[in-house]
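A lone chain, given as structure tokens: the form predicted on its own.
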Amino acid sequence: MSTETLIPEEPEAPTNRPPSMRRVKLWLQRPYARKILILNVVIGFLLLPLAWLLLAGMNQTGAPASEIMKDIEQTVFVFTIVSIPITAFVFAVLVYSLLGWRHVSGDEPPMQDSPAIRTNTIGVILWTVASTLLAMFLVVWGLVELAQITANSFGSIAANEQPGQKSAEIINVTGQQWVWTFEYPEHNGLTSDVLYLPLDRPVYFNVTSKDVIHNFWAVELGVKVDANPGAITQTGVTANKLGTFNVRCAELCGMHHAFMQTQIQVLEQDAFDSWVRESGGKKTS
């Protein structure tokens, strides 16, 4: 018996493979490819109003009431628009797969195999470049918006060093199952279960919890930060719209978590000063 090791022969390079561009044209000539592209365009136009519907839903209760929330809404709108072509293509393939080949049965594929994309130079380059540009756009946009939001919320800047011509209003926020308490240390420790804010004046929040982890979410102002027991988290905002808005807990904190909510009242500075005096706080400057 021969003990020679058999060395497998190298596969022969294909000699009849058409150029990449020719293969793309051949693929586009397939009936199912044209139908998928048509479905892609139709579904894309049907999904386009979704970007405005999302903003309309976010604005049902009066948002945006701060520059932070305005930036958040703008990001949601742009990301939705950018994602529509990709979403439409996925749905187009799904719809055609469910409807176009619903009568096909058996073990054989419904049509001849298409050339592998990984061997199509033009297809690989187009896919790589498009994916890279999309990812770069999303990353750059996200970083710019994050920096802007951080600046508008004052980041970790101390209360007495915050930017702006008006001094910041300091408010201590305390969460506990299942209520919010707001203390105004500059006004004789005045406390309230409703968050009163002066219009167009920076506000600095010191947020903590007495029991479990909560999350302080001033919905229409775009403020959202954890309230941790034994620690203080800080953030800020400048309300730029008069009205009544909402505070909710955005961290599951127990049986009545869904009822841990209260109101925000954004008032003119004179009206805010009047509320402080009537509630037992000293007159503001």
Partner chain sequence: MKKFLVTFLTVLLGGAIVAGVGVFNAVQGEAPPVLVANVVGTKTAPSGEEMPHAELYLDVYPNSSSQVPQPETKSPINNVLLAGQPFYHPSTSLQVPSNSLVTIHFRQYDSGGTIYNPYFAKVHGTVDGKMKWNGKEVSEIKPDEVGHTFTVHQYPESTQPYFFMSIPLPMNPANAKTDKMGYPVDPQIISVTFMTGEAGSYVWNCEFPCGDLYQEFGGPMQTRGWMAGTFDVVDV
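These figures come from a predicted structure and were not determined experimentally. Residue numbers count along the first chain shown, from 1.
FYI, the form predicted together with the partner chain isn't displayed, but the following is about it.
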Applying a 4.5 Å heavy atom distance criterion, does residue 274 contact the partner chain in the predicted bound form? no
Residue 193: touches the partner chain in the predicted bound form, heavy atom cutoff 4.5 angstroms: yes
Would residue 229 sit within 4.5 Å of the partner chain in the predicted bound form, counting heavy atoms only? yes
With the partner left out here, check for me: in the predicted bound form, does some heavy atom of residue 258 sit within 4.5 Å of the partner chain? yes
Give, in sequence order, every residue of 176 to 212 that has a heavy atom within 4.5 Å of the partner chain in the predicted bound form, or say none if there are no such residues. 176, 177, 178, 179, 181, 191, 192, 193, 194, 210, 211, 212
